[in-house]
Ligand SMILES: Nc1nc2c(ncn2[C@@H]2O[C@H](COP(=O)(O)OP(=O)(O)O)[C@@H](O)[C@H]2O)c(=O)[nH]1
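Quick setup: one chain, the form predicted alone, written in structure tokens, and binding and motion questions come after.
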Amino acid sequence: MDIQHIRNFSIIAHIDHGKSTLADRMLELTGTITAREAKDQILDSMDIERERGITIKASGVTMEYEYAGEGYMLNLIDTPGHVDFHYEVSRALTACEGALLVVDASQGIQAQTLANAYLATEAGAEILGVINKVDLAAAQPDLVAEEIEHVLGIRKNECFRISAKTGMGVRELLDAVCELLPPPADRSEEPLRALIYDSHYDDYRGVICYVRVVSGSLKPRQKIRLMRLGSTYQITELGKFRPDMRPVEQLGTGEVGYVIANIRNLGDVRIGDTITDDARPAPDPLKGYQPPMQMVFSDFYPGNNTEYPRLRAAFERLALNDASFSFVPQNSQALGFGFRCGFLGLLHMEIIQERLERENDIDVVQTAPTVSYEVLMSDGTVQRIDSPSELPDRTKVEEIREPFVRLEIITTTDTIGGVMTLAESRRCKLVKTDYLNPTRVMLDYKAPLAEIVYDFYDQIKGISHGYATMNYEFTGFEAGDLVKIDILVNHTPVEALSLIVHRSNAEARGRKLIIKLRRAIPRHQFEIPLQVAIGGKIIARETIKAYRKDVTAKLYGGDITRKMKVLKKQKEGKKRMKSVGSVEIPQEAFMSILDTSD
């Protein structure tokens, strides 16, 4: 096909503003799927996406469309909207020349709308403003168009008004994609360079690479080279997503599709790598992607009926499909061999855990998530630690630096007081306030990530009756008055339960923590002391009482000394049991330390 008739574009928006529904309507209008094949969220292939009603993985599809009497090839990539998956959005935008920025006509601009618009601008994509759900009774398209012009600089009369659910205005939007979005640059004469923007593993065919051809062309049986490692393979199949995988004879410049080359080693393929022709290689690879900055870390250990090698194999398959997830081996006295895993956020962690259990039939024990810290040592070196257990001896530490983020909260003006009170209680500093319209305001904060990463979003949703949205962006590490809390169970420190917190609320947090642990850890045959220590000093204690069997039940009559003798014998037995008994700590106990509420 003539390169001037190819359009590569993404649909970007805040969560639940209608991206996947708009993709469904486009597939129907272009005849890519028949009425019989049509179903809601057709591009969301994972069960977990359909159940939660959210997109987790960016997914591509090629559509044929006729405009002004000429045939066009439209390559669409539907992207996630949640803050944890912004890395998926940035990858998708790198493979596109244009983006449709979708905004809900009843909700207006939300935090993730702004974040995705900035990503598209950084990627150099042409943006078309789209106001969706104009058929709703609560829709205010004129007000939303003014918001878009005020915040994003897209003229209000240039925004397309559609209803993705009914299909109203979608054909006009497809015409605009052909007319207004730019075609790819013509580099068909240059040596082959194709960007791997995603991949997944198939048990029968090996690694399947999703590619965008930037220059040259790909053909079956061609010998290719992956430029990162220099490994060579022969293409066994090329194809496009329509939306299922369909083989083709060629992928030319500007086209999007998949490559199968019998790649069996998972470590050979990395997202962002460049494919080139082995006989006529390109002089240098494409720019690729910045490695993602993981913000949340948690330990995963094999649970019941799961072995360590199976857990490792499952992690390797997941890491191939999700470049923003990382794992390294870890060993714990309490839980044995496992892995320290890095995630972009808590939803990302939840999804990985659920995919582990569903796709690989694996049970895991997971510790409470923590953020990473920088530690300045006395000798001037700086260490990055992802777990409180990695904190060096305090006598060798000059200062501990915690991660800070730029936090944007969009809420209604009548709930601004409650949101600001919550933010102040989490050590957030207000930078600026911007009124989007008379009823909605955007608050810009400088916030410590550790304070907002767990339940902050849920609390904000509660305060604002579900209306507030938030987005955060990592800005850097800053020194703080931080201390490590150690938890001792039966006089033994449990590293998986330790925390790094600000000194001002360390004691209160420690006391709350062992009260929660006392409720979460079941009673044993012996008494279990729970203690909180800061730098070797015990600051709080709780005790889990022992089960007490009534050993005097069978005694009747006689002197009291008979009972005392039996009770003394029981006491000695419990003392001996306490010295050898091990305490079983359930999964709920590890997660209970996250809850900062009373």
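Everything numeric here is computed off the predicted structure, so don't read it as measured data. So that there is no doubt, residue numbering starts at 1 and follows the sequence shown.
Omitted from view is the form predicted together with this ligand, to which the following refers.
Contact between Lys446 and this ligand in the predicted bound form is not found at the 4.5 Å heavy atom cutoff.
Not displayed here, this ligand is kept clear of Leu195 by more than 4.5 Å at the level of heavy atoms in the predicted bound form. Contact check for Ile585: every heavy atom lies farther than 4.5 Å from this ligand in the predicted bound form.
Not displayed here, this ligand is kept clear of Gln294 by more than 4.5 Å at the level of heavy atoms in the predicted bound form. This chain is displayed without this ligand, yet in the predicted bound form the stretch 133-141 from 300-308, 222-230, 116-124, 133-141 comes within 4.5 Å of it by heavy atoms. Note on the partner interface in the predicted bound form: the residue among Arg426, Lys165, Lys461, Arg358 having a heavy atom within 4.5 angstroms of this ligand is Lys165. With contact defined as any non-hydrogen atom lying within 4.5 angstroms of this ligand in the predicted bound form, the contacting residues in 1-25 are His14, Ile15, Asp16, His17, Gly18, Lys19, Ser20, Thr21, given in sequence order.
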